[in-house]
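Read the single chain below, which is given as structure tokens and is the form predicted on its own.
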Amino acid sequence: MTLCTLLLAALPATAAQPATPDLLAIKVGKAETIDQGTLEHAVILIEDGKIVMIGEDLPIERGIPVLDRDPEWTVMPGLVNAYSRGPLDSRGGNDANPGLRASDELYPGEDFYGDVLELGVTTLGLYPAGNGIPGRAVAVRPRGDTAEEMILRDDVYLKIRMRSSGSDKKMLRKGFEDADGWIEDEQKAREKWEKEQEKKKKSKKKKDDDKSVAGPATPSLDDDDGEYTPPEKDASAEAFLQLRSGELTALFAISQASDYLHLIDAIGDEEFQWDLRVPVTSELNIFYVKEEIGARGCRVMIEPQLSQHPNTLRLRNLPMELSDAGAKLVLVPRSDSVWGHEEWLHNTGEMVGYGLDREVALRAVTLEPAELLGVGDRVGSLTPGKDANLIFFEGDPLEPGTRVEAVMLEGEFVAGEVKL
């Protein structure tokens, strides 16, 4: 059977299926693809947990099982929360621990994972607790018998808390100084090794010249040049070298405009990829630097929540303002509880009601956080080749009262009563 050759005839199956078929066509009234806009009367073809085709009014080859929910259902990619502690319960400190990993705290079987999965959250970015530099986040799927099965990608970002203080700036600068120190030590170690190798070559040549006609001398350990081994890196040097090389990105948590200015000063001439985490408070003043943030084009992770202009009753839609300034928006639940995830799309819809662009809002809970976590090649949009992580609604996902009808994770229905 050739998947790309679709014929007109389709015979939708109505019998209940004990398991989701490996090959399935789903017809819906509307598909929010994120990267291709909105498709009307969409057909999604899924095979072995992947989206293999999506389009409007596509014919379906005879014999392929069909789930027909056109026109009542709307589908969108599974939600991606890039900033969660979930069920992790360890407490962090205020020190620099760039070698610590949230993945070391990961234990499958926690109720939290199943609860948010039923709400359509199919990817989580779990970060380590603490201020200072608490460590590295991990991207997980909220299902699996082992930690290894849950992990999509480890070391997705290095969380760094940046306040308007000399100590935080010093901590950041020290990280790059540690990286420079290791580079200097490595250069010295390499030079020393190369000199030793040159001495060994000269010594060996002299022995070869002096050996008697009786035959070669018995080989010794000194004849084995071996391989160069660089000095070990400590956790700080390794992390900041990885930032420079692009193997790791940074997520800076700031809480006010002055924190951002201190951050820029602390970074100086260093070039590496970084994004911002800005929690919404009642009088958040990040709008003072929104143009500077927008000009950098970095991602800003923020709750879908209105704030007040300082010392006034004037409301501000900072997610909208940051997006309009050019920042890439990542929206996270107002609360990290299950209830917060349940209200997440509703809160996002409120921001759209207050002026946030709808497409930006949908992207901010799917593809943009997936890209931040480095898993945008697998999740975050309804794109052929990506995991079939889907949420089905009876209505507009951003409208109050719209319910989740079903959830699919990697091609398998994991929530909702679905009969084929």
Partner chain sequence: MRFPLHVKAALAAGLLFAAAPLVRASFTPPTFDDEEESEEGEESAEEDGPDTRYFAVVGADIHTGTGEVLRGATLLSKNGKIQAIGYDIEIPGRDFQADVPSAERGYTTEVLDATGFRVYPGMVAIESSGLLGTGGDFRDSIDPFDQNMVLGLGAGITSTGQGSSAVKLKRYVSDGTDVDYDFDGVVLRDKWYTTMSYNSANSRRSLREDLERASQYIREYRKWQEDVKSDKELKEPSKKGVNGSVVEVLTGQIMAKFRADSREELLGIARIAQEYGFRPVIDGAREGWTVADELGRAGAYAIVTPRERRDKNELLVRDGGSSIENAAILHAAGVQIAIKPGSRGVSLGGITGRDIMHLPVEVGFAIRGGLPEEAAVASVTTVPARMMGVAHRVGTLAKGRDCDLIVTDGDLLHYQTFVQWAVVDGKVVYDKEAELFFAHIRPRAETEVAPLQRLDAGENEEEEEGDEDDDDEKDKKKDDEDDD
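Numbering follows the first chain given and starts at 1. All values derive from a computational prediction rather than experimental measurement.
Just so you know, the form predicted together with its partner chain exists too; it's not on screen, but the next bit is about it.
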(request) Heavy atoms, 4.5 Å, its partner chain in the model of the complex: which of 83-91, 237-245, 175-183, 261-269 makes the cut? Say which one. (result) 261-269
(message) With the partner left out here, check for me: in the model of the complex, does some heavy atom of Ser165 sit within 4.5 Å of its partner chain?
(response) yes
(message) I'd like to check something about Ala295: if you look in the model of the complex, is any of its heavy atoms closer than or equal to 4.5 Å to a heavy atom of its partner chain?
(response) yes
(message) I'd like to know whether Gln256 contacts its partner chain in the model of the complex, with contact meaning heavy atoms within 4.5 angstroms.
(response) yes
(message) Is it the case that Glu291, even though its partner is missing from this view, gets within 4.5 Å of its partner chain in the model of the complex, heavy atoms only?
(response) yes
(message) Taking a heavy atom within 4.5 Å as contact, would all three of Asn285, His309 and Arg314 count as contacting its partner chain in the model of the complex?
(response) yes
(request) Name the single residue among Arg101, Lys169, Lys233, Arg153 that comes within 4.5 Å of its partner chain in the model of the complex, judging by heavy atoms. (result) Lys169
